[in-house]
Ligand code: NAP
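Shown here is one chain on its own, the form predicted on its own, set out as structure tokens.
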């Protein structure tokens, strides 16, 4: 039976610009339906110039909301409180509205690690190569390091990667290596692409050479549209476990709901919703 929206229905949203491409409403509303929650989740296009003025509207009308590009860093000084992970990552993707105050969280790292756990994949003592040195690379490198993986950052700009290395070593107390993309050598258990190479105009390209993929055990591309990038298709030919970014997106959404409702969502619910959404996602 479809949910009937009433004056008591609680509102949730994702804010960004652009935002029409977001798959978050589909994920959250599916979870709401499975849990029989009286809630509705929508997408809201808010431009960078409008963000500050939108805060009172969001506070007064929503129980919680997600934050995506280009607001993940810009919203931080506009919030009343920040969770430790949001502070460490330097970005917010989830906001809880409680008692008239806004608290920012970041569930991206949880989503990434949970997507590996869901496939019973372990990272401890594994050699991991992260492609890129932006915000997503920071989150993933942090989680891999604190979970015992040996991390190498590969980026076109070595200076940017070296800055990220310094920051991460400060927050994790661990060590990591830096190489230029064109200088990657050796074998890696995990290869994670955080760059946009493989999307739309670059769909026929890979961020690294095919030879680097030959002995990889797991190749993870944060891109989920298309669901199979050239990187993943090629890695699959070498019998690597291939994962796209959809499961990370899904599990970070699950964590956001757990924060909003202060309650855990059981595995039966997540498995049911993820299976249904994955079937749809394959046709994107």
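Residue numbers count along the first chain shown, from 1. As the structure is a prediction and not an experimental result, all values here were calculated from the model.
Just so you know, the form predicted together with the ligand exists too; it's not on screen, but the next bit is about it.
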* Asked: Is residue 224 one of the residues lying within 4.5 Å of the ligand in the model of the complex, judged by heavy atom distances?
  -> yes
* Contact of residue 248 with the ligand in the model of the complex (heavy atom, 4.5 Å) -> yes
* Asked: Any chance residue 177 has a heavy atom within 4.5 Å of the ligand in the model of the complex?
  -> no
* Answer yes if any heavy atom of residue 199 is within 4.5 Å of a heavy atom of the ligand in the model of the complex; otherwise answer no. => yes
* Structure fact -> With the partner omitted here, the residue among 115, 106, 195, 149 that in the model of the complex has a heavy atom within 4.5 Å of the ligand is 195
* **Sole residue of 79, 145, 97, 136 within 4.5 Å of the ligand in the model of the complex, by heavy atom** => 136
* Only one of 55 to 63, 40 to 48, 240 to 248, 27 to 35 gets a heavy atom within 4.5 Å of the ligand in the model of the complex; which is it? -> 240 to 248
* Does any residue in 155 to 172 get within 4.5 Å of the ligand in the model of the complex, counting heavy atoms only, and if so which ones? -> 155, 156, 157, 160
